[in-house]
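The form predicted on its own is given below as one chain in structure tokens.
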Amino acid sequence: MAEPSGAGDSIPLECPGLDTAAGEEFLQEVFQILLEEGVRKSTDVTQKVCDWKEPQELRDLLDLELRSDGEGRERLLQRCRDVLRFSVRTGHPRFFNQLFSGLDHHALAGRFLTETLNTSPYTYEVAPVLVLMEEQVLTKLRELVGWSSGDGIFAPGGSMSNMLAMNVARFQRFPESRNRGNWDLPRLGLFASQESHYSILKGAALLGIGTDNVHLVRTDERGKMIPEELEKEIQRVKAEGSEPLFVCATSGTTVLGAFDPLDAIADVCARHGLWLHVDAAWGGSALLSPRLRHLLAGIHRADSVTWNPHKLLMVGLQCSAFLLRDSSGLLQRCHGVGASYLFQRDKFYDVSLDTGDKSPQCGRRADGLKLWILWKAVGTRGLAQRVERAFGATRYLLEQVKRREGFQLVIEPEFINLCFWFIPPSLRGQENSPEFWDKLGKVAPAIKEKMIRRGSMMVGYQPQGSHVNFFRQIITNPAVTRQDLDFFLDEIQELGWDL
């Protein structure tokens, strides 16, 4: 047989193609940079939250161009420092911008382990430890929901977990849709509240159901789905010839932090034979607290649940669990293809541990490891205390907002989403002026720009329904102290005083 010829003929193969000694030395120095710049400074309240640069200036500083020849060790180490220096410090005690924040050292260790292992938990043979960890973590999460059995998989974010729920619900009702698609199906109806996450609309588009078939149900003044309005929407959709399929209730809406009344919604779903999914990506961690789990009363009646520990539990991005009450193998039947190069049936071990075919993904991060490490470190009680501390910090800030002149609540918070306006002195007493709300809507963006350019803190803002831009303050980081919360209000007052 002729030897193949080509570009590789002149490459010597007697020795490894990597200098492992130099690589380990480089890693040692990178670890020191990570510890000093990425961990210590990132969590140091005396440091800036961000060192803001305009996009072109940042491009120039980073020298992003990729060239033919590589760079030396010192230059690469400086690159690593620059990445950390010019990135937002989400572990900072004054980063309040997202539904995630903070840095947990145990979870970070789990993330380092995950990256070092560089494997995918689709089969037991290539990820034995990680497959068993994922199985245990998912079991524990299901128990907290109230299920003694069931199924589940980790997904790349809450949006994908919600989309998995929609796909499984369609397959359960119409198993032929997996092979034949949507062509022979009736027009399906999906239902979610006006405050639901945008992933429901994206999922309908991705799955070919269509965004026009997502029916957004009215909410009350607190942002909760009104069960009677859900009933009306279902009846209307039926009368129009569509087939209702799926209801997504939300436990912890993104902006207001509202919890839909799950028991009443479950009654409606049971009456019409609809799949009930609970998007508890944000609020699911309240299940860990005996004091707060009442917010999700009735969640055990759901068919599926999304829960993102990377939010309130500070596990680190990303960690999203899709949980299923069904234990008949529905998830496997919906997504499984049985690729013969991965999921051979004649392996020498229990192939039920080859769980990767339950997911639409092939390669998949082992997102359960960091949660397992954190849980082992602090226990269920420690996780519950983390949730309750966030709740307590929000209650303290709420009282301060009520006491301070110029601060006005949008709504009394149910959870840890604190929504408010800051009214500058120039607008006080002008609430009846026709320009008042238009001018007030420009205040939050102006203050946000000032704080980011200063680097003092970060907090989100948005309009909502008829409400003009307001701040949404989120506390998930247990490193946040009373001093940080007082500083937060002082800073908003100072930055907005002369607007």
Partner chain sequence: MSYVVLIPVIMLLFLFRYTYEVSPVFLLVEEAVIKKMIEFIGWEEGDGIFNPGGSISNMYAMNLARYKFCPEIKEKGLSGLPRLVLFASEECHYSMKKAASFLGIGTENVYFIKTDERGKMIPEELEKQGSAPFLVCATAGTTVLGAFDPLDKIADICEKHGLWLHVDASWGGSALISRKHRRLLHGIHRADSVAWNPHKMLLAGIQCCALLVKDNSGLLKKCYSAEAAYLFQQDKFYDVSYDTGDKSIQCSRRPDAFKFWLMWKALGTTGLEERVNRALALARYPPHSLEYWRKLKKREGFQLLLEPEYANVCFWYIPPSLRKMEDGPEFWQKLHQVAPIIKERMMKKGSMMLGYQPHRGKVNFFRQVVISPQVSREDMDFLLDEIELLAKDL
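Residue numbers count along the first chain shown, from 1. From a predicted model like this one, the values you see are computed outputs, not experimental measurements.
From this point on, the text means the form predicted in complex with its partner chain, which you will not see here.
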Quiz item: Considering its partner chain in the predicted bound form, which of 156, 298, 146, 150 comes within 4.5 Å of it through any heavy atom?
Solution: 156
Quiz item: Only one of 427, 377, 353, 84 has a non-hydrogen atom within 4.5 angstroms of its partner chain in the predicted bound form; which is it?
Solution: 84
Quiz prompt | Contact flag, residue 58 vs its partner chain in the predicted bound form, heavy atom cut 4.5 Å | solution = yes
Quiz item: Quick one: does residue 433 come within 4.5 Å of its partner chain in the predicted bound form, counting heavy atoms only?
Solution: no
Quiz item: residue 409 near its partner chain in the predicted bound form, any heavy atom under 4.5 Å?
Solution: no
Quiz prompt | Distance check, residue 469 to its partner chain in the predicted bound form, heavy atom within 4.5 Å | solution = yes
Quiz item: Based on heavy atom distances of at most 4.5 Å to its partner chain in the predicted bound form, which listed stretch, 232-240, 390-398, 69-77, 411-419, is the contact stretch?
Solution: 69-77
Quiz item: So, 31, 62 and 185: all three within 4.5 Å of its partner chain in the predicted bound form by heavy atoms, or not?
Solution: yes
Quiz item: For 109-135: residues with a non-hydrogen atom within 4.5 angstroms of its partner chain in the predicted bound form?
Solution: 111, 112, 115, 116, 118, 119, 120, 125
